[in-house]
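Consider the single chain below, provided in structure tokens and representing the form predicted on its own.
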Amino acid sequence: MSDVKKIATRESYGKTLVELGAKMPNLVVLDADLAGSTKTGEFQKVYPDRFFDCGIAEGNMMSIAAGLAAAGMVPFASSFAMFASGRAYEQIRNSIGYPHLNVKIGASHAGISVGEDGASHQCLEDLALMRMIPGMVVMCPADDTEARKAVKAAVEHDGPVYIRFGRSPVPVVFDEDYEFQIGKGSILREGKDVSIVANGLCVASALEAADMLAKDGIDAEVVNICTIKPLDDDLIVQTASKTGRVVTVEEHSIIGGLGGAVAECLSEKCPTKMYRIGVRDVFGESGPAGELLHRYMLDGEGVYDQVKAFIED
């Protein structure tokens, strides 16, 4: 997919906030001294009176966002995923989740692809943490198109939302006609031998792996699941029933994220042979994003190797 246009989803986030700001005078943006990296600085340039730099204090930032939401504003609170979900977990749970306030959390720089920043910044636990909070919507868009539509859908949703964005440019998978809906997945490629269920940058890896598997005579169905919570149980059961094998692929720990959510669904509704591809209970390490994705077998080649081994087992 080297000839495909690539855009970082954090860029999509920043541009969409500016677009929404023109239509919504009650939309405000908060950041934790990372506006240049999270791309909320784009909103700050256009709407400085509605932008609040809360400093390196994510817990305070989430509490401020809660107060703004209680006063009728629609706040987007932004930081790196490691700090948005980890450092501020208590405030998100008790000040946003418990009263079910209308706060949107934009968490960038998630996963192994953060690259050289290393394990301290490569958050592999955020989706698990956020989906545990009652009433929290959790999304991980695959590309620029889906990221922009997810942000717009988050604004229309009444309640707390966590959206995960990436640092590195990723291939554009969807065209502008793509219809996005919270809680609904989509089949990107029909298949009959195995279902590859992916989100985030791993959607592109899954599609690449499916092309490679086709050369071996393996017909893989590729399913995109942006919304981890609420999960599209019907689609998961549908594809599992069709192929009889399910592989999940995510730039996250295999514990508690997409793989965990799909496993929970299938164990209750459609017991199916399954394998989870992701980071296997280890921390990340420093290095170029592409090399790390290859090392942790999250690129197209790595997904291909693991899916093929699973089928042949």
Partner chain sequence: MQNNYIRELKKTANQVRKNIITAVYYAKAGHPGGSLSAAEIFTYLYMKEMNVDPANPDDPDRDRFVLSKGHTCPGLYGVMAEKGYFDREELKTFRHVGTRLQGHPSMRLLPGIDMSTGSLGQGISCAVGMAVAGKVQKRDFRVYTLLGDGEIEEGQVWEASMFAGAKKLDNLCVIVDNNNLQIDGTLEEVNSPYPIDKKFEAFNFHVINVEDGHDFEQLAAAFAEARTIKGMPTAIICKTVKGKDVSFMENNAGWHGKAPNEEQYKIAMADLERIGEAL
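Numbering follows the first chain given and starts at 1. It should be emphasised that the depicted structure is a prediction, and the values quoted were computed from it without experimental measurement.
As for the form predicted together with its partner chain, it is not shown, yet the points below apply to it.
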Checklist entry - Which one, I133, L213, M82, L101, lies within 4.5 Å of its partner chain in the predicted complex by heavy atoms? => result L101
Next on the checklist: Only one of N94, S241, Q181, S120 gets a heavy atom within 4.5 Å of its partner chain in the predicted complex. Which one?
Outcome noted: N94
Checklist entry - Residues in which of 245-253, 280-288, 262-270, 50-58 have heavy atoms within 4.5 Å of its partner chain in the predicted complex? => result 50-58
Next on the checklist: Within 4.5 Å of its partner chain in the predicted complex - does that hold for a heavy atom of every one of G67, A70 and M73?
Outcome noted: yes
Item to check | 4.5 Å heavy atom contact, E116 and its partner chain in the predicted complex | outcome: no
Checklist entry - At the 4.5 Å heavy atom threshold, is E90 in contact with its partner chain in the predicted complex? => result yes
